[in-house]
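Below, in structure tokens: the form predicted alone, a single chain.
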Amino acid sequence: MPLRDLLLLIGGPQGSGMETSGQILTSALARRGYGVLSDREYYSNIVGRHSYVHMRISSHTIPRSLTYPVHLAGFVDAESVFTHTFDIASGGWLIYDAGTDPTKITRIPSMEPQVRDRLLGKYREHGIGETVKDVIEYLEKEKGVNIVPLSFKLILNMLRQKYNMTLGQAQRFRSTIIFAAMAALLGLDADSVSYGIERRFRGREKVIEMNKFLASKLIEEIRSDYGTPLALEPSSIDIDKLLIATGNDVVGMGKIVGGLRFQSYYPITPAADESTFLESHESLVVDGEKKGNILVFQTEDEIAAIASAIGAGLTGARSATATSGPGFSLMVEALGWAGMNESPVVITYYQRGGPSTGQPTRGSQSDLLFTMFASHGEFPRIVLASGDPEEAFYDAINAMNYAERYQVPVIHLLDKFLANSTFTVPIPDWGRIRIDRGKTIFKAEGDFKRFDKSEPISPRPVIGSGAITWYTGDEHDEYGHITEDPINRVEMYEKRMKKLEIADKEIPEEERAKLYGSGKDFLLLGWGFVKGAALDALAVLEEKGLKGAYLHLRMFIPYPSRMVREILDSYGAERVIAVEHNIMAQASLATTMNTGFKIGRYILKYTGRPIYVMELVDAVQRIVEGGEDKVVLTYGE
């Protein structure tokens, strides 16, 4: 019987093509109209360490979260077999290189000692030996896993002989073996497979030819032996067109549509991919006609990145910079300069594990409070956060609108989980898109009261408009001239801060927070990438007899205090549970600060891996039914 949903895992050494396999498979599946969510987890090195792609496929909806165990796994090396021994479902399928059978877990130099020792403890508990063959026998006999052993050596030798390749050249196609074997079991048609390969290797005809040859051979052989046991039912997703994009790509698309004209950056994971995407679309061409350009500027450091973005904004260009934790730390002084000078600038902030270099390639939500209070002194800013790619697209546009309308820095928070995941995304609703440039003036002349105190948001003539304006980091009068007069200080201070009162009145609270569900047994409070897992956990918990809701926070400055307080009060402190990717429950602290409501129950994860649905469901049950106040999640290697 055809399946509706599937969970997949592709594993191998960093640099061996795991990401490529995931991209090809995602494209092939999307070609058939399936919804796909694909998360890439990897170490912060270039080659060698363990990397994997965790995917969810659906024939009836667009996936928004991940969970374990998986139904199909494909592993290039022995380390992947060991690392994910307990991630495969009973009755699932495993594709692996039979040539790794004799390999011992104690002989894997790239495996971290802590991971190896933890796995060896589990192996002793389950009576499993130390070799790949021992693991395979356990999976097959004890868990009923269907094994597809392949000889990578023979397959690659076949490719070498046909195309007169060296061994090193042939090794690059190890990931193709995994992709093709998975495609075979999934029942993907030849057109979809070809599309996936052509899309990934566009313009490289010889590479496309070799991949197609190898894929077709393997698919034919594997189907003759195993059939198509994991074939999905035809897609019923009622969407005419889907995009295939990463979170980084989606933010870049939003910025382009929103009128971005200047983006600065210094390379840092996981933010740099957004600027790379923008670099590939710097020339704006619509229906064959050039409409303009985006200047993407790689600076010498993050200080220069934000300073140049502020400068571009002063000239009237819609400007932004993209960074992560260590980079934002360097930007803080210039952030205050923008606050003092009422300068619009967008900082797209992709959170990763910290402090310091922390976990460069792992996810986190530990920088919320930092963004809310960064830089000395007090000045208005807007802080908003995206929970999925659709939100990220519109938030990227709104961030630029808010920056210019209120003449403040806007910090757009995302996280590594969203940035480095690949999604099938609906085409945006163009009717929702608006451009708001506020009181920007492009033509003026003579001395100009840039900081006119008669209104909190003053008209803003851009540099080059003809107006004479002054900007300084010091306190200033209406013209921008430095002054330390105490009465002027009070007037200018209050003028700046009143912008937040205006934003609080103008931005609907329903756009700053959203309640999902109406069950009264519990209320999950979360933000960012927690959203997908929380919503899917609600459905699973309802099947188990627990009916709850999820309050998704979208904006932290200005905080939707009235709406959130009303919802929290309707549940009571004993039924509200904060769910976050940090140890302090920072969103709950921000909530208490803005509403006075104290939250005392928490589900937290700070391993650097995303929250999975099955562990969130278990944690909610432990709190609601078991009476625990705090659960720390740790699943995932």
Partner chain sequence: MASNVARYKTDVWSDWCPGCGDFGIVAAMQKAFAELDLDPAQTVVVSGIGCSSKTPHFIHANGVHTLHGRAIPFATGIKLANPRLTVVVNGGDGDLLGIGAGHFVAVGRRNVDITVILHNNQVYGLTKGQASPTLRRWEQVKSLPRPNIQDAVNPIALAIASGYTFVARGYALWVDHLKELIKAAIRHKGTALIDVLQPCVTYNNLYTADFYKGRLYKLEEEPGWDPIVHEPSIDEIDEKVARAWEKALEWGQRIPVGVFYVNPHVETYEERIAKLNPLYQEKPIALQEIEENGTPAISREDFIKLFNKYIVEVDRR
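Numbering follows the first chain given and starts at 1. Source: prediction; values computed, not measured.
Another form, the form predicted together with the partner chain, is not on view; read the next lines as being about it.
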Is there any non-hydrogen atom of Ala334 lying within 4.5 Å of the partner chain in the model of the complex? yes
Decide whether Arg32 counts as a contact residue for the partner chain in the model of the complex under a heavy atom distance cut-off of 4.5 Å. yes
Considering only heavy atoms, tell me if Thr315 and the partner chain come within 4.5 Å of each other in the model of the complex. yes
With a cut-off of 4.5 Å between heavy atoms, is Val410 one of the residues that contacts the partner chain in the model of the complex? no
195-203, 96-104, 163-171, 120-128: which one contacts the partner chain in the model of the complex at 4.5 Å, heavy atom to heavy atom? 195-203
Asp249, Asn293 and Asp301 each touching the partner chain in the model of the complex (heavy atom, 4.5 Å): yes
Val145, Leu150, Val540, Val257: which sits within 4.5 Å of the partner chain in the model of the complex by any heavy atom? Val257
Under a 4.5 angstroms heavy atom criterion, identify the one residue in Lys212, His281, Lys514, His71 near the partner chain in the model of the complex. His281
Residues in 427-447 with any heavy atom within 4.5 Å of the partner chain in the model of the complex: Ile427, Pro428, Trp430, Ile433, Arg434, Ile435, Arg437, Phe442, Asp447
